[in-house]
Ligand code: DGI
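Below sits a lone chain in structure tokens, taken as the form predicted alone.
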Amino acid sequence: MNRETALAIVKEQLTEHRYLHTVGVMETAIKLAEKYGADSKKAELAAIFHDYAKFRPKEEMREIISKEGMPAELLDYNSELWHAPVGAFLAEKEAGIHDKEVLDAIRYHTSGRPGMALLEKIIYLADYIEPGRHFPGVDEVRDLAKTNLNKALIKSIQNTIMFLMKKGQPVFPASFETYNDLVMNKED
């Protein structure tokens, strides 16, 4: 699927603000893919579809999670996590994307997972550092991303976990597991 077609499909599902975010994620993902040796076309496609389900009704997402055998524990955590696995499912069913690497990058862009593949890391990080993002700590992660993908990921996950803890919100177990996996298998 070419860029224009993919963007047109996704634009119908997003607000204008979220569409601009998606374009920023796409541009950032392509740069990261080129820098770290991933397939830039797969990075482009995964980035375009990463928020495909972001504005689907919660009830629709809840139903898909239940019916499609996704981890039931997702439903116990913030619904912000749901759009990633549901988005991967819908990107396959509605947009005809069947590339497992692309679908996994979409699926894990909010929670991460232990043993993340390079493309998954790139989409996770591109979503975090795209130019339209402005929050405490993002510039440090952007700087780290210029030289070390894993260090940037570790810092982004630390920031996210701390943000959730300060708000008194639960942290999805896969996020802790991703952090531990990256720290324990650190490549300097």
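Residues carry their position along the shown sequence, with the first being 1. This is a predicted model, so every value here is computed, not measured.
Omitted from view is the form predicted in complex with 2'-deoxyguanosine-5'-diphosphate (DGI), to which the following refers.
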item	value
Interface membership of residue 90, 2'-deoxyguanosine-5'-diphosphate (DGI) in the model of the complex, 4.5 Å heavy atom rule	no
Distance check, residue 171 to 2'-deoxyguanosine-5'-diphosphate (DGI) in the model of the complex, heavy atom within 4.5 Å	yes
Residue 42, heavy atom within 4.5 angstroms of 2'-deoxyguanosine-5'-diphosphate (DGI) in the model of the complex	no
2'-deoxyguanosine-5'-diphosphate (DGI) contact at residue 54 in the model of the complex, heavy atom, 4.5 Å	yes
Option from 46 to 54, 64 to 72, 146 to 154, 32 to 40 whose residues, in the model of the complex, bring a heavy atom within 4.5 Å of 2'-deoxyguanosine-5'-diphosphate (DGI)	46 to 54
Sequence-ordered residues of 109 to 141 touching 2'-deoxyguanosine-5'-diphosphate (DGI) in the model of the complex, heavy atom within 4.5 Å	109, 110, 111, 124, 127, 133
